[in-house]
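First, one chain by itself in structure tokens, the form predicted on its own.
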Amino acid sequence: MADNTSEATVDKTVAPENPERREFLKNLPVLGIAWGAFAASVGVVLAGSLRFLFPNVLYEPPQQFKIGFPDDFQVGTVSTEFKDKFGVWVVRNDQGFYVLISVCTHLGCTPNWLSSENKFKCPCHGSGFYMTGINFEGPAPRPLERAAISLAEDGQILVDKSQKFLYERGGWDDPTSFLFFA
């Protein structure tokens, strides 16, 4: 009888197979993928939350800027080199200079200078403006706006877009809307 008891105790000390543990080990790659997806989604939410804390900043060009010396511009021409950077055209005629703001007065599109037709033409709805900025065709309700222009201390032309002059309010008669230069 003693022999039977020792065999029974030996059988109990041997660990029986545990099917639950094997199933867990088989599912380990699936669990890794699940935890990875969870971590990625938490990362996306965290990144979005952090991005929310920093505001969007719109860098606009300066409102006052120098465009060069008066001799750099030819009489009877429209300079389009400042249209993209500063949003203005510089016009020189026999009397001097003026600066037109390159925003259509209809819906705010940016017209183009057509030198062959000697006019500004808005591509959005077809408004047309003479070289002076006066509207003559299309739905634009009023002429283009002018910006303040003056001569800086170093002899360069200084444009100030923060001062706008409207034709219909008599703004074009203001001495700062035109730079007399022979």
Partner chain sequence: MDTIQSWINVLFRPQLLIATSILALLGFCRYRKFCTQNKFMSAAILGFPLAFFAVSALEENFWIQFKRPDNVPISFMLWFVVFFIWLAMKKGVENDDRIAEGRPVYEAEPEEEEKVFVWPDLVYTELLCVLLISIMLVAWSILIPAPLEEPANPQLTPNPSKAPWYFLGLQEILVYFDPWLAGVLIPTFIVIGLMAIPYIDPNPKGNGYYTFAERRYEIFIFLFGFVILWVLLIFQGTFLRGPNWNFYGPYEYWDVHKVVPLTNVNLSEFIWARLLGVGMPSFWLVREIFGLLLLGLYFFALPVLFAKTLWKKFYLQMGLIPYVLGSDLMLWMLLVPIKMYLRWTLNLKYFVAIPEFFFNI
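It should be emphasised that the depicted structure is a prediction, and the values quoted were computed from it without experimental measurement. Numbering follows the first chain given and starts at 1.
Below: the form predicted in complex with its partner chain, not depicted.
Practice task
Give a yes or no on whether every one of 102, 124 and 141 sits within 4.5 angstroms of its partner chain in the predicted bound form by heavy atom.
Solution key: The answer is yes; 102, 124 and 141 each reach its partner chain.
Practice task
With its partner chain left out of view, choose which of 80, 95, 110, 74 has a non-hydrogen atom within 4.5 angstroms of it in the predicted bound form.
Solution key: None of the other options qualify; the answer is 110.
Handout entry: Position in contact with its partner chain when the complex is considered in the predicted bound form, options 155, 48, 32, 61, heavy atoms within 4.5 Å
Key = It is 61 that has a heavy atom within 4.5 Å of the partner.
Practice task
Tell me, please, which stretch of 110-118, 39-47, 63-71, 146-154 lies within 4.5 angstroms of its partner chain in the predicted bound form when heavy atoms are compared?
Solution key: Going through the listed ranges, the match is 110-118.
Problem - Partner contact for residue 164 in the predicted bound form: its partner chain, 4.5 angstroms, heavy atom - result: Looking in the predicted bound form, residue contacts with its partner chain do not include residue 164, since no heavy atom lies within 4.5 Å.
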